[in-house]
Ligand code: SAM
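Let's start with one chain on its own, the form predicted on its own, as structure tokens.
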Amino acid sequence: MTKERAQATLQELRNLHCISMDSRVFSSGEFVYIPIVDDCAPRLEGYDLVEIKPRAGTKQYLPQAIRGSYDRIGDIAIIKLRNRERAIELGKSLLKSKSGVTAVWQDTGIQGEFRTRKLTWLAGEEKTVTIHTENQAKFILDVSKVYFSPRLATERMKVARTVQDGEQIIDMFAGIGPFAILIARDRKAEITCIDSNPDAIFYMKESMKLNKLKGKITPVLGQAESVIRDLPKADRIIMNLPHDSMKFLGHALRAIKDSGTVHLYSIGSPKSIEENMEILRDSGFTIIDKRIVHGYSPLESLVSISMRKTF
């Protein structure tokens, strides 16, 4: 992959437990090569797989000693290990590496009305504000005040590439606006971004200033189910509230144009996801794409469902 995609792809493959620790990640020219576990190859549809022997002296992106699940947001690492000693060990390894991490926090769960991360400082600077780069777009955020997942980088880019100039779009649970900013950067679309977290709206506006946008983004502070009633019908709606998206299906159905597209994200077991898809079909949608974005627990996954209103 290109160097611009390296960090996002490393995170995706780490989440899938597909990175081999027997070899090093290295760069050559414009590309970065990541060693993968042999058993993972059949599952990596969409990745360019090649057989190659790394040359001596090539750049190492992550030291082999680093093991454990963590999110990299800007120069902040958020470690998901529950064992504090192991989390501190991993954090110190990250700080010593050439990864660019300057602050390390432990994620001990989700808290509050806005479902932000409950963070405990582990090592490095006690900073929570950072600038994160994703698909060459920049986002500024406070990881303690807004929820942002770098694991959706590929998903956000896939959605952005399907948008056409002139679309009217509603992002019902926009956060700091990563879907909208990627869309508006490349398309002359109009996106209304709704979120009930004032900090998310603040950082959305600040992030908009960091990017050159072709489209128009309108941030709106409020509850999606209330705000959406007064908006014109949309060509496309994004519903990224994985635990609760299905609860807002009726609001999306009333707000989408005939033949409009809805991108819904849901966490569940294979059985519950299939049940949700039946509900979607019965509600007047045709499923045009379904895929697992990443694992969430041993029995559940985050699933992306794209659908079109047909009646």
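Not measured: the values here are computed from a predicted model. Residue numbers here begin at 1 and follow the sequence given.
Although it is not shown, the form predicted in complex with this ligand is what the next lines describe.
- Kindly confirm or deny that 152, 178 and 225 each have some heavy atom within 4.5 angstroms of this ligand in the predicted bound form. Yes: each residue has a heavy atom within 4.5 Å of the partner.
- Query: Okay, which stretch from 125 to 133, 80 to 88, 208 to 216, 188 to 196 lines this ligand in the predicted bound form, with non-hydrogen atoms inside 4.5 Å?
  - Reply: It is the stretch 188 to 196.
- Of 115, 229, 138, 92, the one that lies within 4.5 Å of this ligand in the predicted bound form (heavy atoms): None of the other options qualify; the answer is 115.
- Scan 234, 184, 143, 172 and let me know which has any heavy atom within 4.5 Å of this ligand in the predicted bound form. Looking at 234, 184, 143, 172 one by one, just 172 meets the 4.5 Å heavy-atom criterion.
- Message: Taking this ligand as it sits in the predicted bound form, is residue 157 in contact with it (heavy atom to heavy atom, 4.5 Å or less)?
- Response: Result no; residue 157 lies far from this ligand in the predicted bound form.
- Item | Contact test in the predicted bound form: residue 242 vs this ligand, heavy atoms, 4.5 Å | It does: once this ligand is placed as it appears in the predicted bound form, residue 242 has a heavy atom within 4.5 Å of it.
- Query: If you check in the predicted bound form, is residue 248 within 4.5 Å of this ligand, heavy atoms only?
  - Reply: So residue 248 counts as contacting this ligand.
- Task: Answer with yes or no whether residue 147 is in contact with this ligand in the predicted bound form, where contact means some heavy atom within 4.5 Å.
- Result: Yes - in the predicted bound form, heavy atoms of residue 147 and this ligand come within 4.5 Å of each other.
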